[in-house]
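Structure 1 and structure 2 below are two forms of the same protein chain, each written out on its own as structure tokens.
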Structure 1
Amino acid sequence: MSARKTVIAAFSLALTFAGLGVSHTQEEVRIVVTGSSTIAPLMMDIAQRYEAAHPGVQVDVQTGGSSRGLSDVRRKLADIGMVSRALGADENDVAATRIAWDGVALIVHAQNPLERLSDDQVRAIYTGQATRWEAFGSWDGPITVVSKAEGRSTLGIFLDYLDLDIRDIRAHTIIGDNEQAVKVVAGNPRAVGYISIGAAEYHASAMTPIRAIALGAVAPTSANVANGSYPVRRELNLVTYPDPAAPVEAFLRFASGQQVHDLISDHYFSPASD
């Protein structure tokens, strides 16, 4: 999917965010969006479509994790925060607009023959109780455990599902976004990690040497996320303060509307209204 490749390339060239927030003059409107690396490639495509239909509007998208998105909105450094989880009870000072659903999948190298791991087996791997692949079948060698840094919502979803605390995790490699996890696992046949199902399906379609395996009993597919059967399902939200400025509100309506459902599907997510 060439559009997504363009998006990912754009991130590597993005300038450091200056923290100016929404600005608008008679000639130009600038909306700043920061946060979740899961949502950001989709948001880049949505922003490009919106800008094409609204000359004079610039939507700047920056990644950095869900925690950054929420923090930047609260500090008024961004107009919209991308948060790839539901908001907590202590986060009711901001408003969330759900745009899509996603899931979290385990990934292994394409050479690894395993099809699934039970929840207990995943806990054993991530808590250091199981250290070699021989314990789970025909694959052999030491397990390289890849986990995510604090502040990443994928980490929070993963820990909640397995009923683990971050202090329980025994990882060899700590990464930030989905692309880093894919790079590590694709380069190490003995590695295991966890990423967005959308990212996993995209990379599988692009012939990246990784495979998603079931986290629990249900296959990790965007179809199972859409029908609600996949257990590790999460909201993809855009977060603002209540009553945002008119240009921001207009963009939110666009980003959560049917006119971007094709983009959401292209990124292997399920539109929130489905």
Structure 2
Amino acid sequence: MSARKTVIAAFSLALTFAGLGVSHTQEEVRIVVTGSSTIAPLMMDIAQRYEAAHPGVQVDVQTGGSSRGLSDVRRKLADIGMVSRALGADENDVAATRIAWDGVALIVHAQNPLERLSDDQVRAIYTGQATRWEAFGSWDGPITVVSKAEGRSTLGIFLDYLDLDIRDIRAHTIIGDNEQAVKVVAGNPRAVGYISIGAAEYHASAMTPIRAIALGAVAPTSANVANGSYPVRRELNLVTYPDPAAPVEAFLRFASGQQVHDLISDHYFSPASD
């Protein structure tokens, strides 16, 4: 019996000490970046590149959403917040640095032959006036309407573009992240949703059975998002308190500069050209 206890105690201790580890160097500079789950994977890559170029600096990237980014900056838990929308009027206590643009496109299943939908048709679908694909010609069956959760900026600019109120929307499936929308639409030939154009471009190239449809008349490509001709887009921002510490400012310059544009494109966003 006591042998068993010893084994278990040793096991727990070993695990703990494996965690406690060896050294905790103090002279390193640590920059904490938290916020939008849309920006976090990109920021993780930028941080890895920055750390490689600047030994002694650690950039910790955390996710959890735009609102967490703002609240962590305000609570001084983070140096930089990632916010995947424009700042509101009551948020001018922090300063924003725009790093990229992200457009929004409709997606349908690849089997759906529809080439485009007018704004009125999209409005009819999302307000529940049109409930079957027959209304638009060559596709049939009941429409499954996929929309985003309240508070997401993609929803906000989608509503703004169509001039709709959140209370007008009649959705069957409400999702959070882009990839969830992709998986729902890919699994249901009669679904329609809207996602980030970059994600749509990736999935088109990866043979995922979805297809992007433009909102408006301009083709939904990240090039058109970058040059501003595609109308439905949002900005991806980094926010800090005004006059950040020198290492934070250096990192901000790096993250909004030319040297990370390839990473931004790798993540299917469009670099903000200043």
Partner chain sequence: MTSSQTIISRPPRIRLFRGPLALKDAVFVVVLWASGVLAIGAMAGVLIVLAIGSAPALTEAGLGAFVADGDWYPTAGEYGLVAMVAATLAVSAGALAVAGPLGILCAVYIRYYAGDVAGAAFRVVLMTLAAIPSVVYGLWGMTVLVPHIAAWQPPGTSLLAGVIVLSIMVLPTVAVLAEAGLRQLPASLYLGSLALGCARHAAIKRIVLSSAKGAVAAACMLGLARALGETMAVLMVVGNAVAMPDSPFASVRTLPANIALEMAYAIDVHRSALFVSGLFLMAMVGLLLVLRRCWGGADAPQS
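Keep in mind that this is a model prediction, so the values were computed, not measured. Quick note, the numbers are simply positions in structure 1, starting from 1. We call the rigid core whatever largest set of C-alpha positions still superposes within 1.5 Å between the two forms.
Which of the two shown structures is the form predicted on its own:
Of the two, structure 1 is the form predicted on its own.
C-alpha of G69 moved at least 2 Å between structures 1 and 2 on rigid core:
True for G69: a C-alpha shift of 2 Å or more.
Align on the rigid core first; then say whether the Cα of V185 has moved by at least 2 Å between structures 1 and 2.
No: V185 shifts by under 2 Å between structures 1 and 2.
After a rigid core superposition, would you say the CA of I80 moves by 2 angstroms or more between structures 1 and 2, or not?
The answer is yes; the displacement is at least 2 Å.
Once the rigid core is superposed, tell me how far the Cα of T34 moves between structures 1 and 2, in Å to one decimal.
For T34, the C-alpha ends up 3.5 Å from its position in the other form.
In Å, how large is the CA movement of V57 between structures 1 and 2 relative to the superposed rigid core?
That residue's C-alpha is offset by 4.2 Å.
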